[in-house]
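A lone chain, given as structure tokens: the form predicted on its own.
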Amino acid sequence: MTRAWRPILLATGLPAVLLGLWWALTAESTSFFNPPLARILAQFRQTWFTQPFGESLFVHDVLPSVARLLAGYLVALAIGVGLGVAIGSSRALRAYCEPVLEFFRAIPPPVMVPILMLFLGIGTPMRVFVIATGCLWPILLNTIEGVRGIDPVLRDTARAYRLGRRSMVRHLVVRGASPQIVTGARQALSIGIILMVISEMFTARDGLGFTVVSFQRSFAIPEMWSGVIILGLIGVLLSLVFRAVTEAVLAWYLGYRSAQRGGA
């Protein structure tokens, strides 16, 4: 029983301590910009889960933001892995593309938002594109490095067994690079959440970032803080989903590492 509860206690212990500190330090606060946590939590449900639920801010602003985040993230994942496998597998293509990759990687995605607005407008395509371009680089670069790092002996063995190109990509290249791909995908998820908010701050009319900024500009401070809490909860939820997917995809790798540690 104790061992079963241990991961839950480890995962929730520090957040509980931090919330307790936040509650205690702001309990007597009279600051307009730093209201008590109790007041923020009291506004939380009233702000985001009003009745009827279909007309609440959660449905109107939060869910569309998450949908745009997932759309941009999945586009970046597909393009990043595809290009990364191709570039990482070819030394000539890698040498040809590297200067261009380094150039675009050095440009912060938020800088591109005003430019993209000129071409894509201020709607959903622009926001999805911003998220996708920001998420692309960590996935792409990690995939390239993962493919480059595959043991040459494994490649020679695959050739000796006359594996076809498609089978080699599927069973050797992608699988061998998958730990590095997952590392890039995890970095991209955090970047995607940041860009989701930033892309909605530019002349948007809906979305979580737009709503939080609207609260700030109208001096609805407790409501603004409740939006920040929503953002944090989205990050935690997506992280848990990502971890579950990772454990399923990398079951072979995690088992291999566990066996190595057991044999050490």
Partner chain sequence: MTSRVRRRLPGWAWGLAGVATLLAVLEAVPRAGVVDRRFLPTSSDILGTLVHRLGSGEFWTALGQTLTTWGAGLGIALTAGVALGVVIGMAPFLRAATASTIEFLRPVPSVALIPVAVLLFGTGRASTLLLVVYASFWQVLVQVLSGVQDVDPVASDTARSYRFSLWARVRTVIWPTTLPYAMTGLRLAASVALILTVTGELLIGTPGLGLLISRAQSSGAVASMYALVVVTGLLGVALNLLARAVEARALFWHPSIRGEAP
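Heads up, when I say rigid core I mean the largest set of C-alphas that superpose within 1.5 Å between the two forms. Just so we're clear, the structure is a prediction, and the values are computed from it rather than from any experiment. Residue numbers count along the first chain shown, from 1.
Beyond what is shown, the protein has a form predicted in complex with its partner chain; the following relates to that form.
- In the predicted complex, its partner chain lies farther than 4.5 Å from every heavy atom of Ser56.
- In the predicted complex, Trp225 approaches its partner chain with a heavy atom inside 4.5 Å.
- Interface residue remark: Val197 is counted as part of the site for its partner chain in the predicted complex, having a heavy atom within 4.5 Å.
- Contact annotation for Pro125: none of its heavy atoms lies within 4.5 Å of its partner chain in the predicted complex.
- Shown without its partner, the chain has Met224, Trp225, Val228, Ile229, Leu231, Gly232, Leu233, Gly235, Val236, Ser239, Arg243, Tyr253, Leu254 in segment 217 to 254 as residues with a non-hydrogen atom within 4.5 angstroms of its partner chain in the predicted complex.
- Residue displacement note: Ile40 has its CA displaced by at least 2 Å between the shown form and the other one (rigid core superposed).
- Core-superposed comparison between the shown form and the other one: the Cα of Trp22 travels 2 Å or more.
- Core-superposed comparison between the shown form and the other one: CA of Pro222 displaced by 2 Å or more.
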